[in-house]
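A lone chain, given as structure tokens: the form predicted alone.
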Amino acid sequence: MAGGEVGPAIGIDLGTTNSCVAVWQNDRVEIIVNDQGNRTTPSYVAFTDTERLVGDAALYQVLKNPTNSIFDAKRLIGRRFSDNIVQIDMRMWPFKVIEGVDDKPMIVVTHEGQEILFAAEEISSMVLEKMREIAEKYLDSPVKSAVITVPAYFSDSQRQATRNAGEIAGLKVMRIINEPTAAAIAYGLEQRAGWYGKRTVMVFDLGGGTLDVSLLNICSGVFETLATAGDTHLGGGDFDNRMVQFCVEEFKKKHSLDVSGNPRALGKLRNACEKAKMRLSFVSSVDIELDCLDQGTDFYLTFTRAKFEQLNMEFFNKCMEPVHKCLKDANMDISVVHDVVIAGGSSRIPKVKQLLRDLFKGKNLCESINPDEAIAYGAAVQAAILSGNGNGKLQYFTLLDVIPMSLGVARYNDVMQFVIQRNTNIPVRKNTTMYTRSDYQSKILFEVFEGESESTLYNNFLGEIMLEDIPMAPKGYPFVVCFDVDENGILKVFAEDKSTGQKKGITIMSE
């Protein structure tokens, strides 16, 4: 691909709460400011009677238009409506989500007097389009190509849906890379840690909606992921929700008024709680004051850091679980980790940092890179290399990433036959052989899953292939099933009857 792209290629961190765009220019990464002069842009899209707003403009009007202001699209992307996580989230959102075709969640908005349905990837594409426009204005040239980041623990369907969002936004998605890997690139280049001697680095990336933990070796420009773990539904938004629930209960206690069904009041509370959470990283207490929260009644509350930590302690402890899992998967002890790098806005929370330091027996955390910008930085580096613009400083750069979840095919009695184990380096291609279960079968079904359970009942169903008109043979007739994971972590599977040459395959799409 090198040298084949026209014009600059950008790196985009498509975040749950905020997004960031960067470009490699003059032998360094430039984080691009938006039209408001900000280095990050809210991942918000709003619909009014007259226009569609994206970014800061959408966020500014959220309190007066809560039901048509969409955020958290990343929490919906590539998921099913029936997913328990989606059902829980829906209770906290002021906007409406309904079940679409094939169990796909659809966001309902009123725009220019009409009710319209959008899929999460369409909302995300509007944010990506905004990031592309920000880059084009700065570079004063069209931008066609981008590297987009995703949580390392994103499933195949979530990755495919993110790629689709990029294409809807008019971008050629050169690569989908994992967020913690991108943060490690930023750290390695800024510190020059990777160019002289080998270092083992753990990246702890806690954002607005997702947590990723990755363990990497960085040596002479080679960034090799050893293991990755995480939670695609744990982040700053969950901490905000706990605060909002507490405020709703306090208001009910004091004034006998229940605002849980009032989108405008909930929007005000969410906005105030998010700001309070951010301030509590630097001060020990903050006042929340909201005039006329409901029925002319004001709301006043002093929120202490201790109260914030008490409400969210369950989540903070949960944040440490992937750290243990990642070390275990890599068969490593904490003593061999040279650096613990934090990324993502929520990694600023003092309690999270304290728990991490305690886990690593007092080791200082590496806070030299900006947690809001590190992921876009790494994406811009990868974009420069893929577009052939990374000569000089980046000429020895190599990225070796892994798949986050094991992949396999269903055998009889819902048994999972693993084909590719999690934390295998990508790209990768592996075959397995499957056999007919009865004499003279005329067709055979192959069901594809991802997950770690021995039973497919507890894994994610990805898709299926049906081979028909197969030879009338006794049971035990063999078929080759091939799994192919590309450098984006996107899976293609095909099944083949070697004797007849019949071959069918699927690329696992977000639907």
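These numbers come from a predicted model, not from an experiment. Basically, rigid core = biggest C-alpha set you can superpose within 1.5 Å across the two forms. When you see a residue number, it is the position in the sequence shown, counting from 1.
Here the subject shifts to the form predicted in complex with ligand AMP, a form of this protein not shown in this document.
Visitor: Is residue 344 a contact residue for ligand AMP in the model of the complex, using a 4.5 Å heavy atom cut-off?
Guide: Answer yes; at least one heavy atom of residue 344 falls within 4.5 Å of ligand AMP in the model of the complex.
Visitor: Answer yes if any heavy atom of residue 440 is within 4.5 Å of a heavy atom of ligand AMP in the model of the complex; otherwise answer no.
Guide: Residue-level check for residue 440: no, no contact with ligand AMP.
Visitor: Flag residue 281 as yes or no: does it have a non-hydrogen atom within 4.5 angstroms of any non-hydrogen atom of ligand AMP in the model of the complex?
Guide: Yes, residue 281 sits close enough to ligand AMP in the model of the complex that at least one of its heavy atoms falls within 4.5 Å.
Visitor: Indicate whether residue 488 is a 4.5 Å heavy atom neighbour of ligand AMP in the model of the complex.
Guide: Although ligand AMP is absent here, residue 488 would stay clear of it in the model of the complex, with no heavy atoms inside 4.5 Å.
Visitor: Could you spot which one of 405, 349, 161, 244 gets a heavy atom to within 4.5 Å of ligand AMP in the model of the complex?
Guide: Only one listed residue qualifies here, and that residue is 349.
Visitor: Could you tell me which one of 274, 294, 414, 136 places a heavy atom within 4.5 Å of ligand AMP in the model of the complex?
Guide: None of the other options qualify; the answer is 274.
Visitor: For the chain shown here without its partner, which stretch in 327-335, 94-102, 204-212, 225-233 has non-hydrogen atoms within 4.5 angstroms of ligand AMP in the model of the complex?
Guide: Contact criterion met by 204-212 only.
Visitor: Output the sequence-ordered list of residues from 368-383 with at least one heavy atom within 4.5 Å of ligand AMP in the model of the complex.
Guide: Sequence-ordered list has one entry, 372.
Visitor: Quick check: residue 151 between the shown form and the other one - does its CA shift reach 2 Å or more after fitting the rigid core?
Guide: Comparing the forms between the shown form and the other one, which are aligned on their rigid core, residue 151 does not shift its C-alpha by 2 Å or more.
Visitor: Superpose on the rigid core, then tell me if the C-alpha of residue 279 is displaced by 2 angstroms or more between the shown form and the other one.
Guide: After core superposition, the displacement of the residue 279 C-alpha between the shown form and the other one reaches the 2 Å mark, so yes.
Visitor: Hey, does residue 243 budge by 2 Å or more at the Cα between the shown form and the other one once the core is superposed?
Guide: It does, since the residue 243 C-alpha is displaced 2 Å or more between the shown form and the other one after the core fit.
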